[in-house]
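The form predicted on its own is given below as one chain in structure tokens.
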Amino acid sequence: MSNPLIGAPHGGELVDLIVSESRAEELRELSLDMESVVLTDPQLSDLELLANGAYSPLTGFMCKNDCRQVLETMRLSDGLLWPIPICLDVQEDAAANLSVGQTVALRDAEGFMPAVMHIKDIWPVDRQAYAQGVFGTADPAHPGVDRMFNTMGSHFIGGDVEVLTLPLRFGFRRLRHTPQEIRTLFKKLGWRSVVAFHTEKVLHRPDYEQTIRAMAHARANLLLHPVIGRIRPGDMDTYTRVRCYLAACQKYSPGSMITLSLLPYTMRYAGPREALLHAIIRKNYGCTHFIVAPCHAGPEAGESCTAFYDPDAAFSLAASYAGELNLSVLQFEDLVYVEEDGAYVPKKEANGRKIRSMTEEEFIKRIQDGKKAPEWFTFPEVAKEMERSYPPKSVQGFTIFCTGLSGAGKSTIAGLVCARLQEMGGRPVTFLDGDIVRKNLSSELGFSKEHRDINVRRIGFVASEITKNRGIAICAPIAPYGATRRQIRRNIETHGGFIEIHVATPLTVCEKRDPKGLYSKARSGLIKDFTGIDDPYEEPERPEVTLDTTDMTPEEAAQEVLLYLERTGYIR
């Protein structure tokens, strides 16, 4: 059966940038003399979507003119609709070694080379114009803006790419498809109308109900198309999410109604513009309909979703271009559970009846507290998968992160807590004292501001691995910088608990103790950049526990920490 309703890709043809094996071998030999550009995970995602045609008609990373046109008009220089620049940013030192006309090897962090790029343009990033154009704001509270100002490189490089092979992906390979593979599958199944559902979260009952409604409205089959690029720090890991999708897929009957495919895309959280890009991508995958949710691609959800974008702005923008895209845009309604009906209805139709609703964050907290998952919110099979990854706090891993000035009593308190937890047993406990880690993990580092921060980040990385594997990590570095502590918290809370202990003993008391004689050396100028003397200590904003050991014994301080752990369910 033909499928005449499935339209042509954006721009008319599906791009395929993967070269022949003979050309690939030639490029591998030539790459020995090429300059290399190491790509981040988000950049590898963009490369993959360029390579497989999901970003059709683009044949490489955008040059300056296309980037400017997209920012100002949402169109490429040839007039074709395109809402967000697909650009490759590099740091200033890397840009200094590159020139127009040069061919560079594009590599991942391990040195593997999936592609080469023929540079046609190099230009400095106008961060203000980019922020306003893509995100509609330059507010650093927006995660996309924050990344752009603090992580993105200083220059863009543009040009066509030749792809030797798609970036290496190891997990769930059977669920990864190119646009051409999906289009071929639709043709084989005889699907003439397909609605795409974009999600970054687990599929719970409200989402399931929405997809069923959309399929009925469009008389279409479903492409469940979750993104699996990097998500917000602290969000659920990809493997758990995919296992939950597989469990939820069993609820559709018959099974041939839907196809699950993983999209290697990294969210930008650009709201309306990004919703339009998502629609173009699904058009390239052969879909005829696309669901847009309230606050689609916004940086927040729920009641805070209006912080940067109107809840309906994404739908309005995508729908306004539906005719040009030859793609039907469906609005995702806000559903709530009505108890007396035992069913989900649009919130506007609840008419004062008792309703229930829950965010995924509230649901995760519920199962971490050991409470039963409500079946009105999710399927038992999905809850079971989530419970495997989010056990009760009493068995999950966590990190105790003691921070404070030198001599505040951090190591002593941490050592006592470590001993008490080891006495209790049940989980392995590792004490990552600052001095011990510096000796065994960071012996090559000095005591400059940069090196001290690197040492703290290493402690945080080791603690996150211990936490991920259901152990307890106890850390006691000075860790004077708030930004570093916040990053460590975000990384660790992805896997378990993070308990920040501010040992807030005043500087005057710490100086009187001065067990290592460091303060006196800092006062006399023998030690530079010493925390509390000529380098600041940024106090934690909202630590879980604050301790002042001026008039408190180490045993009393340790008891305060243990009481907090018991109160919050980490220990019994």
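Numbering starts at 1 and runs along the sequence shown. Heads up, when I say rigid core I mean the largest set of C-alphas that superpose within 1.5 Å between the two forms. None of the values given here were measured: they were computed from a predicted structure.
One more form of this protein exists, namely the form predicted together with a small molecule; it is left out here, but the text below deals with it.
Any non-hydrogen atom of P299 within 4.5 angstroms of the small molecule in the predicted bound form: Flag for P299 set to no.
With the cut-off set at 4.5 Å between non-hydrogen atoms, does L405 touch the small molecule in the predicted bound form? Contact check for L405: yes, within 4.5 Å of the small molecule in the predicted bound form.
Is there a heavy atom of P515 lying 4.5 Å or less from a heavy atom of the small molecule in the predicted bound form? Answer yes; at least one heavy atom of P515 falls within 4.5 Å of the small molecule in the predicted bound form.
Is the gap between G409 and the small molecule in the predicted bound form 4.5 Å or less for some heavy atom pair? Judged by the heavy-atom cut-off of 4.5 Å, G409 is in contact with the small molecule in the predicted bound form.
Since the chain is shown here on its own, which stretch among 545 to 553, 559 to 567, 19 to 27, 5 to 13 would lie within 4.5 Å of the small molecule in the predicted bound form, judged by heavy atoms? Selected range: 545 to 553.
In the predicted bound form, the one of A196, A314, I492, I413 near the small molecule [non-hydrogen atom within 4.5 angstroms]: It is I413.
Rigid core fitted, is the C-alpha displacement of P554 between the shown form and the other one 2 Å or more? After core superposition, the displacement of the P554 C-alpha between the shown form and the other one reaches the 2 Å mark, so yes.
Quick check: T412 between the shown form and the other one - does its CA shift reach 2 Å or more after fitting the rigid core? Yes, T412 moves 2 Å or more.
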